[in-house]
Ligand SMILES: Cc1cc2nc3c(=O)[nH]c(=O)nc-3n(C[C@H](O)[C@H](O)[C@H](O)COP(=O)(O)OP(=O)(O)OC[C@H]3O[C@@H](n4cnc5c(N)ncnc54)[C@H](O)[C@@H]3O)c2cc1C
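We begin with a single chain expressed as structure tokens, specifically the form predicted alone.
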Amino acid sequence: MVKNSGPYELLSDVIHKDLCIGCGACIDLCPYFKSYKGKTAMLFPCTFSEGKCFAYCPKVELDLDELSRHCFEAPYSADPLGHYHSIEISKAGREMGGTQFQAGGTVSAIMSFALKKGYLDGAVLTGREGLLPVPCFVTQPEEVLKCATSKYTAAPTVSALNRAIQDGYEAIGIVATPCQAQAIALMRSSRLDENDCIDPVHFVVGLFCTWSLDFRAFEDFIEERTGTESIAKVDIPPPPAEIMEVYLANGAKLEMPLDEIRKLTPESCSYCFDMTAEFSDISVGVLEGRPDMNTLIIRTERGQKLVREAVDEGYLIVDGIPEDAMEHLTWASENKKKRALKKAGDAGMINTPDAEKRSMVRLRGEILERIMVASQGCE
């Protein structure tokens, strides 16, 4: 970590450069940073020259080797999908009571199971108020389903983790997007070297993500097309659909081309190299061509144990991943990684000498080269 880095460096290096994705890692650590409709702002001057707000931010001085060694006891590799034990497909099992999920229901099943077994004191999830995604902290299995629908705009979810830690919870699970999972990994690796630091995060379930939307831009876009009618659900079917579906409370459904929706993506997303939430215990995404199933990447022993128990007790059903699905998953992740790292490299944000300016990301030169060479031809 760069020394003497705190709130003003966070402002200059991240927020003022439109790199902030609004993950919430700097929110509810102190009174100074707040989030409003997806935007992070500093409300009052802060006198600290060094702080957790900077240390936990996934958009500045993200050392991938350091993080990978902490999470997986191995240096960061060029694998498009990151470190993992196995990749399968999955869906919620019989113990979830036949609930109709937006996709396979794997995330809800895993979180419900962990709470019911007492493995967690609580879980950090993302709920929704209208279109606005909001951080939620739940302690009962039945509360999980209230947050089950997909959200496509950035949310300060990690702020709820900060609050739960301050409230004394010692066994917390969290569902996180890739950038949020990076922030959580930074928190768990204790970049500030605090001697009394404990790790209350028992496991992280990561969500696949190719991009998120700027909430304010998306809100305006939707309101122009729906007026005051309330939104019941938003969904993006897997390829080749290329549409967003918006379900209204009156039963109507609107379809919008993804070409229009992608224009609402914040600049920060274009620098994100992680599609599959590499720094999580378990990663989950929609299986292409099978909207009733999930792709499930098991990355850690802790994640593997939880999945196997959930299967044995009827909360989860798993199967082998089809070869074509595996090939496309690898290609898509590799493509995203190449595009983002090329853009960051062109902007001078990778491996910048400390004496000049702070980097967005640091990784070994040979790994960066292997990623870029392996990805030749991906567009």
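In case it trips you up, residue 1 is the first one in the sequence shown, and so on. Keep in mind the model is a prediction, meaning the values are calculated, not measured.
Keep in mind that the form predicted together with the named molecule is not shown, yet the notes after this line are about it.
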query = Wondering, does S212 line up within 4.5 Å of the named molecule in the model of the complex on heavy atoms?
reply = yes
request  = Give a yes/no on whether T177 approaches the named molecule to within 4.5 Å in the model of the complex, heavy atoms considered.
outcome  = yes
ask   = Does F218 reach the named molecule in the model of the complex, with heavy atoms at most 4.5 Å apart?
value = no
request  = With heavy atoms only and a cut-off of 4.5 Å, decide whether A155 touches the named molecule in the model of the complex.
outcome  = yes
message = Given a 4.5 Å cut-off on heavy atoms, tell me which of 242 to 250, 219 to 227, 69 to 77, 102 to 110 is the interface stretch with the named molecule in the model of the complex.
response = 102 to 110
inquiry  = So the named molecule isn't shown here. In the model of the complex, which residue out of V138, L81, L264, L207 has a non-hydrogen atom within 4.5 Å of it?
reply    = L207
ask   = Among the candidate residues A148, I231, I87, A171, which is the single one with a non-hydrogen atom no more than 4.5 Å from the named molecule in the model of the complex?
value = A148
Three-residue site L125, G285 and N294 fully in contact with the named molecule in the model of the complex at 4.5 Å by heavy atom = yes
